[in-house]
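First, one chain by itself: the form predicted on its own, in structure tokens.
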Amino acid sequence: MNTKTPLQSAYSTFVEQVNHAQVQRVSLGRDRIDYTLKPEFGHHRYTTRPVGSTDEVVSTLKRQGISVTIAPEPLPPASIAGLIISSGLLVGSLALAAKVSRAGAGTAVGMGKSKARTYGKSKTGVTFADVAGVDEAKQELQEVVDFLANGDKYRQLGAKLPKGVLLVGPPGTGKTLLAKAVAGEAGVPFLSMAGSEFVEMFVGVGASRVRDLFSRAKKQAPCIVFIDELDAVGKTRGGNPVGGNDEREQTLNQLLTEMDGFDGTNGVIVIAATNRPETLDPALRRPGRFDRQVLVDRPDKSGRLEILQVHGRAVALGEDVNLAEIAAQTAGFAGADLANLVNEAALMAARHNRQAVLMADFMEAIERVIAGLEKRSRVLTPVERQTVAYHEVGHALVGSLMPGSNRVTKISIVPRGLGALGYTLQMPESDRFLMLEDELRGQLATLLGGRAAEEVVFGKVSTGASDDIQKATDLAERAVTQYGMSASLGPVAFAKASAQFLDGGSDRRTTSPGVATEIDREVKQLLDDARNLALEILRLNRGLLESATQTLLETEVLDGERLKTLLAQAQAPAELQRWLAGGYCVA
């Protein structure tokens, strides 16, 4: 009899039944065969799984005149899920396109919104207690804090707080930290945004973000709007070589409009920071916009000590650590440099499994920051090692005799950094803010002292003085073109003003061929005189040069009292003062 539920059959049985013409109907699937026998063989329904190719069986069935149907394949679950996801994406895309169309042609959803990060009242996590070494800048900003906290006192007198405060200074001096401290002290919301976040490739987006930023600020007043790296959006207009008004200029125009439209009593203060105030548009710097400009400069010795004390709170300092001595040896370091120095010293201590950071760790960290990572794995040949030793001792001997020269504290022939095969470490004993002419000439002689030592000892020079020559040439060129230290050319500036707070070369002004030739001649004369003086000093102290070099080759490092005793034996030639004076009146 015929059953509703097919019976399971072996594939070999199915093949045998096909060959004996017992099969009436067949439904062929990918991994299943359903078939029914003829009435005379019981008309039963069976199912089986194919093994290998079924082509031969299908051909036999067709020869017997038996119909074979192909069963439709059901969609696997993964395909069903993919179809659902694709449909959802299509619907979402259509909805997004409709929303973009309503928002305005060419403007993506949310693109015109400002990306300012908002900190709630007193949530910046920074106060003036966390900022050290910039006492004058803090004092200037105290007035802003007082106005935001006690605005009625000023309004009763009719006073208006400056709409904008521009923080200028070198990188790493704490401009952003100061702005956060103002918000933290005043207990008002703080909206922070970088200048580069305003500008997009789509015209009008930057201006829209400016409008949105100031709209948010007015709703949260009193508050502080902080724009970091203002020069990214506030550069002088008219710099587009093809003319027209590009996206950056439109953004700047909107910023000018927003700041000019501010009510001076609504409690919204704009603080901005930049390393390049000379590039800002004059309309941005005028009174009524950024009324007050606050200099955040590199700290002096006492400021560096305060900064080291702030960062030293989080570090386990050893009993021998003298922060005052470290401050004295880090002239020119900004706040970020000092923070990095403390961290490097802590890493040094951890590397040696110490429980506290010792003074030795700080000294090693200073050398690492100044000269680079020590590379004892870099093996020099005996000739290279000897050349480097004479070179470094030459720097030290010449430098020890120069007026206003920094104290030579260490000579090393252990390679450091990218290309330093040795180095002479000179530490300033006090902060210096200007350089006299004889001191400048002394620096030139010191820079060329290493090359001069190679000439005296070997009668030839190496490539090791390339960096010294570059620095000496730059200094000599500045002496002639910027400092007016040329008798023939006089006090004339032949170089354009360069970036005020960023390192970089300056361009020469347009001069006649004769003047350009005279500048080059004066620069060369300064360098030739410096080289000749260095040669004379080293020839006069040849014995000391040899003994100090042999000691350095044996120990690899000369420092402390032993170095001090060696350098104290150096003799100065009689004409040293005459050359340093250069025929000029020296203060």
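What you are looking at is a predicted structure, and each value in this text was computed from that prediction instead of being measured. Residue positions are given as counts along the sequence shown, with the first one as 1.
Not pictured, yet referred to below: the form predicted together with a small molecule.
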Checklist line | Which of 448 to 456, 349 to 357, 330 to 338, 383 to 391 lines the interface with the small molecule in the predicted complex (heavy atom within 4.5 Å) | finding: 330 to 338
Check: Hey, in the predicted complex, does residue 132 get a heavy atom within 4.5 angstroms of the small molecule?
Finding: yes
Check: Does the small molecule come within 4.5 Å of any heavy atom of residue 403 in the predicted complex?
Finding: no
Note to self: in the predicted complex, is there a heavy atom of the small molecule that lies within 4.5 Å of any heavy atom of residue 176, even though the partner is absent here?
What the structure shows: yes
Notebook entry, point to check: Does residue 125 make contact with the small molecule in the predicted complex, using a 4.5 Å heavy atom cut-off?
Noted result: no
Margin query: Can you work out which of 224, 396, 230, 307 has a heavy atom no more than 4.5 Å from the small molecule in the predicted complex?
Written below: 307
Next item on the list: Please pick, from 311, 216, 368, 292, the one residue with any non-hydrogen atom lying within 4.5 angstroms of the small molecule in the predicted complex.
Entry: 311
